[in-house]
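As a starting point, one isolated chain is supplied in structure tokens, in the form predicted alone.
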Amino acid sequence: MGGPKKPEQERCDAILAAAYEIALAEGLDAVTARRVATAAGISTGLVFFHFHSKDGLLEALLGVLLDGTLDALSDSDLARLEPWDRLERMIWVELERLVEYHAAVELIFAFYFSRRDDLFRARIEASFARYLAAFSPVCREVAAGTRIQGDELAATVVALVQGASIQTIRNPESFNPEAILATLRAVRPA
């Protein structure tokens, strides 16, 4: 049981919330210790105390964004469903999350493409690998007894969700998860 948060954790949360809002509004380059401190109502020194540098702050922000990416795929209720129903539900949940969190998804892409070094990319690639691993078991079950390879199906499903995430960034108003799911249902065996 987690009791009340310590003041240091509350301060870190406030700093990260301010960094998130600035990044959403103006992009990652606008996230500076001074701007974040002003938005969080604290001194610039406290931002550096907790995160040591701008890169440290951005790494922590990326961690917050990535930490929630697998939450929906680990729902214990999924285990009770038949494999195809489980896969469909997992995809549906991810597509719905794209609608709700499209701004955060856009930030993850911004992190990925903002630097040529591995500071952010390695962490994002590791998250993508965990994402693929979360879909793989159910895809292997769905593919059992067919000509489809389970790992290839999982890679296809992840590519579908990643492509959908780009669509939500480009035009969130026209994104239609139900249409994507209807296509999936059309290829489902009877």
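No experiment lies behind these values; they were computed from the predicted model shown. Counting begins at 1, following the sequence as shown.
One more form of this protein exists, namely the form predicted in complex with another copy of the chain; it is left out here, but the text below deals with it.
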- Select from the listed residues Ala129, Ala144, Val64, Ala122 the one whose heavy atoms reach within 4.5 Å of another copy of the chain in the model of the complex. Ala129
- Does another copy of the chain come within 4.5 Å of any heavy atom of Asp29 in the model of the complex? yes
- Does another copy of the chain get within 4.5 angstroms of any non-hydrogen atom of Arg80 in the model of the complex? no
- Item | in the model of the complex, Ala133 touching another copy of the chain (heavy atom, 4.5 Å) | no
- Is Asp55 close to another copy of the chain in the model of the complex, meaning a heavy atom pair under 4.5 Å apart or at it? no
- Region of this chain that lies against another copy of the chain in the model of the complex, out of 158-166, 133-141, 55-63, 36-44 [heavy atom, 4.5 Å]: 158-166
- Item | Residues of stretch 137-152 in contact with another copy of the chain in the model of the complex (4.5 Å, non-hydrogen atom) | Arg147, Ile148, Glu152
